[in-house]
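Here you'll find one protein chain in two forms, each presented separately as structure tokens under the names structure 1 and structure 2.
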Structure 1
């Protein structure tokens, strides 16, 4: 399955490299456009000293992790986004059902956007900027948590894309509310969770556990504590929570596929 995935995705990548100039333009464009969020952060810190008690370097770590985790899913998971919507509208999903492979696998392999690396690169830059500006007493646990934080974020974003695609089975359109969770989630996790209202914190710690993915791990990394008493140990629960979230969205996907009715064209 992995070799097949590699082969399918390899073809996608080669296809995208055909228009070399356009590709470089897009890669640069994505780095710039997503990097501007970090620019906003820098400008804000030019005028203010801290966000809810967090320094620029500390926020840069949150921002970097948040950006990296979203970018990875934008790269591998966009098949569940607009292309899937188009597939539904054109009735092309019937073809997917006829092939001897799982539907999830096929949609995942249907799209791979290398240009999204633009966001990964700038997110990584922000993360390095934050780490370089602080004196962190590194332990192996901290390194593991840092990687898990980005991964957990990615799994939850992927789950959100899958949920959006599944809703398409009934509505033929991905609801815009999902964008609020995906891109709103990225905005939200770029800053310390403690600055938001209780309602927002509760939603993003339970229903869509994005708040659990990055914030507690960063607290642990920086030896900080949460002003609302959120236990730092929650950082270890992030990865299992993310896996559970993805598993639930996959179950929803499977249910959606079983209820699928072709548009008949």
Structure 2
């Protein structure tokens, strides 16, 4: 199945790169547009020396990890967003059901948007900016957690996209409230979780655990402690929590598929 996925993705990449100049402009244009977000952060720190006791470089690490996590899913998982809405509205999901491969695999492989790599580049640049401005005592555990933080965030974002697509089985359109967790979540986790209210912290640590994916790992990386007593060791629970969240999202997806009514029925 992995071989088939790589072939399908390869075909989509080749199609998107047919016009090289257009592709390059689109890639860097997307990096520039998303870079405005980091520009806002720079403006904020030009006015204030710290946010919740965190310096610009420390927040840049949070921002970079969150941005990388979202960008990876925007590349591979956009099939569960607007393209799936159109599929439901046009009754094209019937064709998916007729093919021998699983529905999740087919939707996942239906879109691969290379231009989203622009956000990845921008997020990686912000992450390197933060790391370069700090003196970090690197260990193998910190390197592993840095990678796991981005991967955990990606799995949770993918789960959110899948939940939004599943809701389309009943509503034909992804509810806007999902964007509050996807794009709003990316903005929220770009800053230390300690500055938010207890309700927000509970939601993004336990219900939609994006905060667990990014914040504790950054605390561990910087040898910081959370003012609300959040255990730094929670960083190691982020990846299992992300896997659980994605598994629940997939279970919801399978339930939605089982309730789908063909346009011909």
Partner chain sequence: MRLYWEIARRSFQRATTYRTAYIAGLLTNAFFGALISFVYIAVYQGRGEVAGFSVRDAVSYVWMTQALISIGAAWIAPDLERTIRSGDVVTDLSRPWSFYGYWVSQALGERLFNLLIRGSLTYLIGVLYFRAFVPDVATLVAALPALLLATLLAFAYGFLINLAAFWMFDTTGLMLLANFMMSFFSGFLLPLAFFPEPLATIANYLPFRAITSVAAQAFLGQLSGGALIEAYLLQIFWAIVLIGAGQLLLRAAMRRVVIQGG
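The shown structure was predicted, so the numbers you read here are calculated from the model rather than taken from an experiment. Only the largest set of C-alpha atoms that superpose within 1.5 Å between the two forms is called the rigid core. Residue numbers count along the first chain shown, from 1.
Participant: Given that just one of these two is the form predicted in complex with the partner chain, which number is it?
Facilitator: Number 1 is right.
Participant: Return yes or no for residue 251: a CA shift of at least 2 Å between structure 1 and structure 2, with the rigid core superposed?
Facilitator: For residue 251, whose C-alpha is compared between structure 1 and structure 2 after core superposition, the shift is less than 2 Å.
Participant: Keeping the rigid core fixed, what distance in angstrom separates the two C-alpha positions of residue 19 between structure 1 and structure 2?
Facilitator: Comparing between structure 1 and structure 2 after core fitting, residue 19 shifts 3.0 Å at its C-alpha.
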